[in-house]
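In what follows, one protein chain appears twice in different forms, each by itself as structure tokens: structure 1 and structure 2.
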Structure 1
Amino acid sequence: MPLRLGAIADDLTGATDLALMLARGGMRVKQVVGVPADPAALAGADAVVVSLKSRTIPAAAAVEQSLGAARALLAAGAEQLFFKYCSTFDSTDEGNIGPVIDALLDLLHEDRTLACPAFPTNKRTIYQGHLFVGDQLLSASPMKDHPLTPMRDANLVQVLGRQTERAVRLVDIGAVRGGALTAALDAPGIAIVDALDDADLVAIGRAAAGMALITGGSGIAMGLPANWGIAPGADSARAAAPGGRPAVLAGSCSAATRQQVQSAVGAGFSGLQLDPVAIAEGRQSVSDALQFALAASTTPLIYASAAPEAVARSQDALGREQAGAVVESFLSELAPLLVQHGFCRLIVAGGETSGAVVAGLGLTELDIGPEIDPGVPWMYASAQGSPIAIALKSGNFGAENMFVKAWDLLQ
């Protein structure tokens, strides 16, 4: 079976989101964690999604990891590459989106690609090159206060233009819907492409059939399977959902995750809030959190999610990167202990948190299970010899009651 599409995602939740989209379109998808050591092991799929943890690391390291993944995918026979990043274009003026796009184009000896993070189902749209979250410009949304990648400019042509020396131009909604899309994508450089609904995304994906590299959010993958004559079919057989106790680990401080935490606590979950400063000073330990989970009479919810003001206080005390790192390390250490004690159904909230937890569990491959909310499926894997079900949720994704309703899909 030829490998049609090789995808590189800059975090785990984004990789899962993309894998779900491609599988829904009829492709046989394999998701792997980290740069594959053996390209031959990628055989047997229409699409392989490599999940990295490269969104907020130094740009040079992100480029190195992304090139490693790309070389493995090309060695496995990938006919087209896809660089997947968040639908809110999470990045800084230094990258990492622009530098990775540049490096991948150089590797492929190509001079053109497109960039379209739109995901209308989750209320991310692009109009006149400006990214909207619902009816707000990105720069007016809660993303303006993101602790690692505050997004204070909604004009993606400008944002990406600060990250690359290549020409960045707009392909507006008139071109997308007016029959001129394929020609508009032919010019050298990087095209920011407008998209307001799913039909726009399907059109963009199909117009990109001849591109060696596509970049964007998972939404644009809607139009890709048809480029190889693949159509949606019946769901493939699912792995049996493992038994065991449920738990939620939330590191994201996004507005959506904070609402989900509040909803779950209101529904009776047993909540334990983590304090990065207390962790750093040794006043809150992994052992304490484990004992809390074991003693909980309802689903334990262990979370660092906090309002921007509280996040700022932690960052002032510890430094921006260290404040997040102590929480990631904490949950990475806690997750395998939970599995050892029979917690085999886990929801993890936050892209950086998901990467840390998956690393702690030693997961290398994930199979897609039922979809909880758009972009958030259950995944099946093996951790320490035990089957587990794990949902890796982008901080901004999921309905307010997601933590409450998700378990019903595993019955």
Structure 2
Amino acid sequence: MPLRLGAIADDLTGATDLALMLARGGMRVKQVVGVPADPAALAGADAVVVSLKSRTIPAAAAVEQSLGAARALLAAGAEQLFFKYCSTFDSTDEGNIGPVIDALLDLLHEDRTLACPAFPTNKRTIYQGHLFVGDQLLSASPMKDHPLTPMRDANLVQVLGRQTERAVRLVDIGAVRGGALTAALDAPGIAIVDALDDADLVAIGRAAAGMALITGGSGIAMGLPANWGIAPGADSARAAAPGGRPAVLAGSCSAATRQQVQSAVGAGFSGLQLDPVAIAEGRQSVSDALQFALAASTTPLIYASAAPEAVARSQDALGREQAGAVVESFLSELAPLLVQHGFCRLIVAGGETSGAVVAGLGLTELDIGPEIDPGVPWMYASAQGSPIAIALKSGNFGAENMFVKAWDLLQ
């Protein structure tokens, strides 16, 4: 089966988000962590999403990694490239969105593309080129205070205009809904495209069928599978879920995760709470946690998740970074030991925590499986030769009973 779409995402959870959107549209999707060493390994999917960690690194490094990913995807036969960034257009005047788009267009010998981060389901819409988060302009939303990419200008034509030498123009909602969108997109430069609802995104995706490069959030991926005649459910043949014992590892302290932990403990999970200070002082060890999991008569739930006062106490004792690092390295060491002992079905809570666990398991390829809750799919992978099912949940995602109900989808 030929590879249709080759996507490059600037972070791990964004890659999953896009992979899920394409899978919902009926595509067989493979997610790859980091620039793929061997394009041949990308075969067997309609779409491959390469996840990078390039959102906030220096622009030159983001360009280099993105070009590496693009070359591998093109070598694997990708007919169209997709550069995925955040639906809040997270970037600075130095990049990295503009420089990466420029480099990808040069690689493709192309002079035109579109940029549309809109994702109305998550309340990100674009009107007259201005990005809204709910009813607020991006520049009035909490994104204005983001520690790394403060977004103080909601006019994307201006924002992107400061990141590229190419012409940046607006294709407004009238053009999107007016029936001549393909023609409106067909001009040199980068078109910021308005979108207010899912129908707009589908129309934009369809109109972009002939473009060598599309850029945006996961929203505009909605219209893409149909460009290859792929429909939801058309090819839902998926790998069978691997067997094995379940376990949950939680490093997120978000309100949603703490509720999920409480709900799972209430449902009879075997909970072991980690304490960063006890870990740092050697009073709580990875092998203790492994023994706990092996002895547990119900699903083990190993969590550092704690209320803000407890987090503040461990941060006072260890420092903010060290408190986080202690937990992340604990879970990234524990995860492969769990797999070796037959725990081949894992839920991981927390964005940074997920990155640490994926690295600890040495995962490089993830196939998208069934969706547990919006934005959180099961994924199938191989950890040191063992097939595993793993769900990576960013802190605030998932229903309260997610840890309890997720396993039913693997039957």
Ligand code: ADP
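In this text, the rigid core denotes the largest set of C-alpha atoms whose superposition between the two forms falls within 1.5 Å. Structure 1 provides the reference sequence; residues are numbered from 1 along it. Small disclaimer: the values here were computed from a predicted structure and weren't measured.
**Study point:** Which of the two shown is the form predicted on its own
**Key:** It is structure 1; that copy is the form predicted on its own.
Practice item. Take the rigid core as the frame of reference and indicate whether the C-alpha of residue 357 shifts by 2 Å or more between structure 1 and structure 2. Key: After core superposition, the C-alpha of residue 357 moves 2 Å or more between structure 1 and structure 2.
Exercise for review: Please say whether, between structure 1 and structure 2, the C-alpha of residue 303 moves by 2 Å or more once the core is aligned.
Suggested key: Where the cores coincide, residue 303 still shows a C-alpha shift between structure 1 and structure 2 that is 2 Å or more.
**Study point:** Rigid-core frame, C-alpha of residue 341, shift of 2 angstroms or more between structure 1 and structure 2
**Key:** Yes, its C-alpha moves 2 Å or more.
Check your understanding: How much does the C-alpha of residue 288 move between structure 1 and structure 2, in Å, when the core is lined up?
Key -> Reported C-alpha shift between structure 1 and structure 2: 13.2 Å at residue 288.
Review point. Once you lay the two forms on top of each other by their rigid core, how far has the C-alpha of residue 399 moved between structure 1 and structure 2, in Å?
Key: Displacement of the C-alpha, rigid core superposed: 7.5 Å.
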